[in-house]
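What follows is a single chain, given as C-alpha cells, in the form predicted alone.
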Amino acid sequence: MIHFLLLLLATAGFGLLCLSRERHQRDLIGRKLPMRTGYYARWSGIAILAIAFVLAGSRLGWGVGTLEWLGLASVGAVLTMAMLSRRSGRIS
C-alpha cells in the first residue's frame, strides 16, 4: 500500500510542477494561470515530493526508502510526461 501511495504522491507532485509552467498550463487546462497560482502549484509540488521522500524513508528505512522514492518518482515523472504529451496532442 505504501508503494501505491508513494507513486500517487510522486505523480501529483510532478503534475503540480508541470502545471506551474506557463507553457504546460496552456496544454493542460487551455489557459494561463495567474502568477500567484503558478507559484503555489510549484511549491506544492515540491512539498508533495518532499513529503513522499520523508514518508518513504520513515516507512521503508532511509536506504531502501531513498531508492524506492527515486524509482517511483521516475515512474511518476514518466506518467506525468505521458499525460502531458497526450493532452498536448489533443489540443493542437
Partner chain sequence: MKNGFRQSMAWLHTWTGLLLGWLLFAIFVTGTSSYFQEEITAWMTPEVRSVPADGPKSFAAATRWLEREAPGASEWSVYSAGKRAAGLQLYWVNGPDAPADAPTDARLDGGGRKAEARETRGGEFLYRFHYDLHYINWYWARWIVGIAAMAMLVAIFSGIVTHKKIIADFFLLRLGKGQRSWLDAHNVSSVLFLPFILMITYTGLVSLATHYMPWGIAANYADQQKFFDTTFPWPTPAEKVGPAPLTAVAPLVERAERTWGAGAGSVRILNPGDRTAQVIVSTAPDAGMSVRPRSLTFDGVTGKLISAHNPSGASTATEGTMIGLHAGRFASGVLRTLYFLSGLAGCIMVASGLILWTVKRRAKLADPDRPHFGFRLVEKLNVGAIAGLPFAIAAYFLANRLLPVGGAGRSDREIAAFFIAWGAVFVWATARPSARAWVEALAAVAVSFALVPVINALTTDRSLVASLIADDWVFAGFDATMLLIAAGFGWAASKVLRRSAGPRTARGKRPARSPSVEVA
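Numbering follows the first chain given and starts at 1. Note that the structure is predicted; figures quoted are calculated from it, not measured.
The protein also exists as the form predicted together with its partner chain; that form is not presented, and the subsequent description refers to it.
Visitor: Within 4.5 Å of its partner chain in the predicted complex, heavy atoms considered, which of L55, I29, I46, V64?
Guide: By the 4.5 Å criterion, the partner-contacting residue is V64.
Visitor: Counting only non-hydrogen atoms and a 4.5 angstroms cut-off, does Q25 reach its partner chain in the predicted complex?
Guide: Q25: no, not in contact with its partner chain in the predicted complex.
Visitor: Would you classify L9 as touching its partner chain in the predicted complex, given a 4.5 Å non-hydrogen atom cut-off?
Guide: L9: no contact with its partner chain in the predicted complex.
Visitor: For the stretch 1 to 22, I need every residue with any heavy atom inside 4.5 Å of its partner chain in the predicted complex, listed N to C.
Guide: H3, F14, L17, C18, R21 sit within 4.5 Å of the partner.
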